[in-house]
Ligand SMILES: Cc1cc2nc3c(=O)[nH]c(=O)nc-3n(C[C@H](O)[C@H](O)[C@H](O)COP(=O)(O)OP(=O)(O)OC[C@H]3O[C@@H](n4cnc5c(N)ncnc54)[C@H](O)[C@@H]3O)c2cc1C
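In structure tokens, one chain follows: the form predicted on its own.
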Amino acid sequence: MSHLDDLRLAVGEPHVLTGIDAAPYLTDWRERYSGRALAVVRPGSTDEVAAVVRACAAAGVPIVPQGGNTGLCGGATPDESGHAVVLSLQRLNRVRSIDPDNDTMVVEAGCVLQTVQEAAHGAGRLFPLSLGAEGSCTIGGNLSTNAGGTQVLRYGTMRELTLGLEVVTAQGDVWHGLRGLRKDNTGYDLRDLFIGSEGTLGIITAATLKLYPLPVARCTALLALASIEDAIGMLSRARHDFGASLTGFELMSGDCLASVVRCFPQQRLPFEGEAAALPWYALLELSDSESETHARERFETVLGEAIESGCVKDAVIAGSVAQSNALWHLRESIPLAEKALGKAIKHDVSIPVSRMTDFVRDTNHALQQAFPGIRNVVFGHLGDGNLHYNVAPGEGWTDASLLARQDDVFALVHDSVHAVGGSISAEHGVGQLKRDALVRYKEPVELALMRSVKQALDPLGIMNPGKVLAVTSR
């Protein structure tokens, strides 16, 4: 019996896709990476995932786990060899349980993030992870890259939002670790080892997630700013005055928002005059547990003081849920506008907030010196220091000519990140995009420890090979 026959036996013939049926799974969302696969396999349960892994381990066939296929670093795309099996988890899409008293929910890895948010809301609770792809990305993908999104400032990344995991190991065994405990010091923290590992150590099939009380009120404002220094000053003021109620602080360059308005004329920047042409904007959100009136009064007082001091040039406060959604839609449309205007070279970096001004100023200048005419597309989660610092085609550049210099652009930007004590990957993962750069920026001891973990948990090297760590000869 062939390996494909084994896979059909494990999950059912309709769920082993080849040829044209497999094509949608073989190219990433940005259309930057394409590969080939022996088959795309769609298990419908944890037991079926385990059976697929055991079959692949016995045959020495690599496995590429895939969720919603919305990743930005090629982490869920197979290589060109055609030897791997793409293991799609989209059929593992059940919300298994919700425990309001324990403020937890157990969901399968193929659950779409928006579905999880809605299920939590239906139980009178909040699951706070929020990001632009929430209508299509899956919890398994969020876990694999330790996703952060727009509310990390208050709630943390997926590591902080996860209490337990269910994982299929590289040998096809199942670790039943779905404990809803906030304290469990009974050994090594395996949960955090698998989160962020991009499917290179095992396959997450379900997770126990933390829930929170629904906020009584939310206030949202778009701030017009003269500089990043002013944005950082406003962030410090908001942290001091709002404390834990501050849930979001997003930084966006004026060029980013101009691109959104140009690409999507139905959207508009809600400022006029000088405030409509400033270089920086910030989206600030407060979640209050007392009342709408209390939240609004605090919000208006703090923003009024910030305007009087000159820290903020102007502000638009949303007066309704619809207006709040419109302001967030501006922020969430930046990647879509960026894609519509050309293929950018993306950098998802972490920078100490205190070094953000120096980093942006010096790196912008260095890029213009080295690549005259390129466009900087700068936006991100200023509250936690996560900047999406992208380089797009400008005057004299085409998609092809810019991508031909990708390695040079990466080296310049990543060297600048490293120089200010930052990280070259904040929330998008490493995948194959940044895999080779790790050698340049991580200490040899750190890389050796990572390889030791990989060897211990995946001795056959079949779990998402070529992602995060380069494949080494045996």
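Source: prediction; values computed, not measured. Counting begins at 1, following the sequence as shown.
There is also a form predicted in complex with the named molecule; it is not shown, and the following applies to it.
- Proximity to the named molecule in the predicted bound form holds for none of 220, 245 and 248, with the criterion being a heavy atom within 4.5 Å.
- Only one segment in the set 427 to 435, 50 to 58, 32 to 40, 441 to 449 has residues whose heavy atoms sit within 4.5 Å of the named molecule in the predicted bound form; it is 427 to 435.
- The named molecule in the predicted bound form is not approached by residue 233, whose heavy atoms all lie more than 4.5 angstroms from it.
- A residue is said to contact a partner when one of its heavy atoms sits within 4.5 Å of a partner heavy atom; residue 191 fails this definition for the named molecule in the predicted bound form, lying far away.
- Of the heavy atoms in residue 68, some are within 4.5 Å of the named molecule in the predicted bound form.
- In the predicted bound form, the named molecule sits within 4.5 Å of a heavy atom belonging to residue 132.
- The single contact residue among 202, 128, 385, 393, judged by any heavy atom lying within 4.5 Å of the named molecule in the predicted bound form, is 202.
- Contact with the named molecule in the predicted bound form, judged by any heavy atom within 4.5 Å, is made by just one of 286, 137, 283, 153: 137.
- Contacts between stretch 143 to 164 and the named molecule, counted in the predicted bound form as any heavy atom lying within 4.5 Å, involve 144, 145, 147, 148, 149, listed in sequence order.
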